[in-house]
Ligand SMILES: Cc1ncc(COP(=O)(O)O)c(C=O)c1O
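Coming up is one lone chain in structure tokens, specifically the form predicted alone.
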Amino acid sequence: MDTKPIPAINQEHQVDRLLVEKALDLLEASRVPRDEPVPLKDGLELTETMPESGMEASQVLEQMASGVLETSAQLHHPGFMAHMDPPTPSVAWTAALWQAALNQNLLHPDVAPKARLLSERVVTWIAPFFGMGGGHFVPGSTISNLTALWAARELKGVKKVAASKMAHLSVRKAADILGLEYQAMETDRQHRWTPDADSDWNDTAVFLTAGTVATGAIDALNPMPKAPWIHIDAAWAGPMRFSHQHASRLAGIETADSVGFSAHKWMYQPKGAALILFKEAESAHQAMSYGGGYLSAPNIGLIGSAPASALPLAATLLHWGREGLAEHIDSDMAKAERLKNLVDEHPDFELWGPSQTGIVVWKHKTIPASEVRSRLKQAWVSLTDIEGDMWLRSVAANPGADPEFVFQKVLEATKPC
């Protein structure tokens, strides 16, 4: 019996080494630190309608480079202490390239058998640091918060959710979607909420924040109130649990029913990588499990088709280990402390409050924060509005940031032109 040879693979879907090398050359050229972390350019110009005919692939990269690479924020810049968006290590984004090329879908074991196992193994690595039994990957903490409250409604019948008034806006979104009554609770002057142990939380999910967006504040995590469900949104500060030096700042997190955090923040991963973890993962997953005739495995949670987001994270953890990850977090915390001390020691500046989780909120005493930022050269900080007062906000998420350099540039921005 004659057998036909395997047909050739379509050339468009082969590995084009020259194209990849060109992409890397363009990327490398864009990485040289600029005077302006985000230059004021028009960016990529595209026609108003879809092109009728295409162009050569290398030309596409050249055209896009000027608008995408050359105008992107330089998260690796020594003067960049602005947002909860870190530069990604090369081992992570090269592993992400594999996922993009393979286009694995975790929904189908026959398409991504090892990728599914890899995702499960990474969850197994991470969950014990939070005292959780398991969980799964989600695209971000907005989804992890919604998933946690969904589980709380299904398993415990909660009808309300109580959260700090400084909690992320995704909490209110989740409450609206799930038909839960939302209660915004008052905080202390440092943006921390301490749930009243004597209050009646009978039908309420208590939602605590570990690292608020504006100031990085941590709600009281220990002792926990008696409630049917306690969720901790540790989107920002969660990875501190991997640090022996700073893990105790989240003491009590292990007693929660669920924890969510974003790996694409303080674990330095590409966007779209977060986790939702449960104390009783099996029962939580069963409560949110759906099937279909074409599925060979249950679809758990909100996400259907899902990429192998664990691939870059697994590569990073294998490369760094827990110690390497902790060294990065400890170094960032030390950078925030150095900046805080510089601000505190200068008579023209003031601090909003303590720096709990690598975020420094500060300002000049007489010059508006927005004006200072508009004058900045070779450095970048963000702004945050606290009760109608604008402050500078510096986030230590860039391993290459230089706090002394940032402070000096801000100081220069306060001088007369």
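Numbering starts at 1 and runs along the sequence shown. The structure presented is a predicted model; accordingly, all values stated were derived computationally and were not measured.
Omitted from view is the form predicted together with the ligand, to which the following refers.
Undergrad: Could you tell me which of 317-325, 152-160, 208-216, 337-345 sits within 4.5 Å of the ligand in the model of the complex, going by non-hydrogen atoms?
TA: Selected range: 208-216.
Undergrad: Of these, P270, P298, P225, G140, which has a heavy atom no more than 4.5 Å from the ligand in the model of the complex?
TA: Result of the distance check: G140.
Undergrad: Which residue among A235, L275, A284, A174 has a heavy atom within 4.5 angstroms of the ligand in the model of the complex?
TA: Flagged contact: A235.
Undergrad: Taking the ligand as it sits in the model of the complex, is S258 near enough to touch it, meaning that at least one heavy atom pair lies within 4.5 angstroms?
TA: Contact with the ligand, no.
Undergrad: Should T187 be classed as touching the ligand in the model of the complex when contacts are defined as heavy atoms within 4.5 Å?
TA: Contact check for T187: no, nothing within 4.5 Å of the ligand in the model of the complex.
Undergrad: Would you classify K265 as touching the ligand in the model of the complex, given a 4.5 Å non-hydrogen atom cut-off?
TA: So K265 counts as contacting the ligand.
Undergrad: Is M84 close to the ligand in the model of the complex, meaning a heavy atom pair under 4.5 Å apart or at it?
TA: Flag for M84 set to yes.
Undergrad: For the stretch 168-196, return the residues whose heavy atoms include at least one within 4.5 Å of the ligand in the model of the complex, in the order they occur.
TA: Residues within 4.5 Å: H168, S170.
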